[in-house]
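The chain below stands alone and is given as structure tokens, in the form predicted on its own.
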């Protein structure tokens, strides 16, 4: 006996009841997404066309904020720094993460201990990480002065206080905490690679590097592409390490779009202009996602 006959309802009514049940499960998530994501996004888009301090009544100014943005040298410096930051994180952490994961994949005993050790910096609060490295790289009592006493002077200068090195110093600290996460992620992907592929490669005379290049990398491509996409997206919103170590200084040398947005919104009380910068950050993410969607539609296996 069917449910509809038991309940005394028609098949059409039973179909509507089943659909209503499915929507009952989905509706809370949709409402949460509407309140947390959609409404703030639309509000931010509207604010970008206004002159608003965050306290007064917003006044519509049209495209004035966008005209100001394209004439703002600090914004373009922040955009350039974001591009440099992205390139750095698409190279060194991924390379070190892949090498570390591949080396760990050959360890059969005690591998979990190394996984935990590598992952610890990622779970430690960013405030703790930044304070630790602030002391280690302190120009008076850190590693630099200690090495300088022994004739090694290449670190004997204020890394976070020099325009030429501030951005790279912050990137180093952030990458130090991040690469262990990539090691664990890549190692998990490598553990699912069919061992018979390695056996066949060894029988064909492939070296360890050739096995890594022609077996490991193609097998973990989905994970690798996912991390590349996420790094591009995360690079547009990087904030905490830069803000805590340099606040975008000195002289905007380590300024990123996120820190420049924060400075305009909460220090200069220019919420309208800050919303315009936020739109540029959203455009960054949209272009990255659109690029990957385009490549998938072109038949790329990503």
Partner chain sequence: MKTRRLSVLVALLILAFGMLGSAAVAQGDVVIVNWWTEDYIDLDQINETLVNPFNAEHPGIQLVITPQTELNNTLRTALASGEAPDILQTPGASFIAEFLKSGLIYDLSAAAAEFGWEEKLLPWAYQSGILEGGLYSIPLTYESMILLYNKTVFEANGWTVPTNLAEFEAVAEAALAAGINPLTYGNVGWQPTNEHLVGIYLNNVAGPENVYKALIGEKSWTDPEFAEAISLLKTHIADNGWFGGSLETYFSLGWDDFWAELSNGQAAMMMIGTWGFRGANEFFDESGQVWDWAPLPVFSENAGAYNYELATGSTLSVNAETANPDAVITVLDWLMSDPARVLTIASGYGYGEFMIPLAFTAEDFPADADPRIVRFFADFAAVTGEGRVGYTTWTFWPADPNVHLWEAVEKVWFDELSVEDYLAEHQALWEQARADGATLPIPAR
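Positions refer to the first chain, counted from 1. As the structure is a computational prediction, the values presented were derived from the model and not from experiment.
Another form exists, predicted together with the partner chain; not displayed. Remarks below refer to it.
Asker: Taking the partner as it appears in the predicted complex, which of 49-57, 272-280, 230-238, 27-35 has residues with heavy atoms within 4.5 Å of the partner chain?
Answerer: This holds for exactly one stretch, 49-57.
Asker: Do residue 62 and the partner chain share at least one heavy atom pair within 4.5 Å in the predicted complex?
Answerer: Although the partner chain is absent here, residue 62 would stay clear of it in the predicted complex, with no heavy atoms inside 4.5 Å.
Asker: Does the partner chain get within 4.5 angstroms of any non-hydrogen atom of residue 109 in the predicted complex?
Answerer: Judged by the heavy-atom cut-off of 4.5 Å, residue 109 is well away from the partner chain in the predicted complex.
Asker: Is residue 41 near the partner chain? Define near as a heavy atom within 4.5 Å, in the predicted complex.
Answerer: Residue 41 lies outside the contact set for the partner chain.
Asker: Test of understanding: in the predicted complex, would residue 67 fall inside 4.5 Å of the partner chain by heavy atoms?
Answerer: Looking in the predicted complex, residue contacts with the partner chain do not include residue 67, since no heavy atom lies within 4.5 Å.
Asker: At 4.5 angstroms, heavy atoms only, are 208, 214 and 297 all close to the partner chain in the predicted complex?
Answerer: No residue of the spot touches the partner chain in the predicted complex.
Asker: Which residue, 100, 169, 121, 158, has a heavy atom that falls within 4.5 Å of the partner chain in the predicted complex?
Answerer: Filtering the options by heavy-atom distance leaves 158.
Asker: Tell me, out of 153, 71, 192, 162, which residue has a non-hydrogen atom within 4.5 angstroms of the partner chain in the predicted complex.
Answerer: So the residue touching the partner chain in the predicted complex, by this definition, is 162.
Asker: Across 264-281, which residues bring a heavy atom to within 4.5 Å of the partner chain in the predicted complex?
Answerer: Contacts from 264-281: 265, 266, 267, 268, 269.
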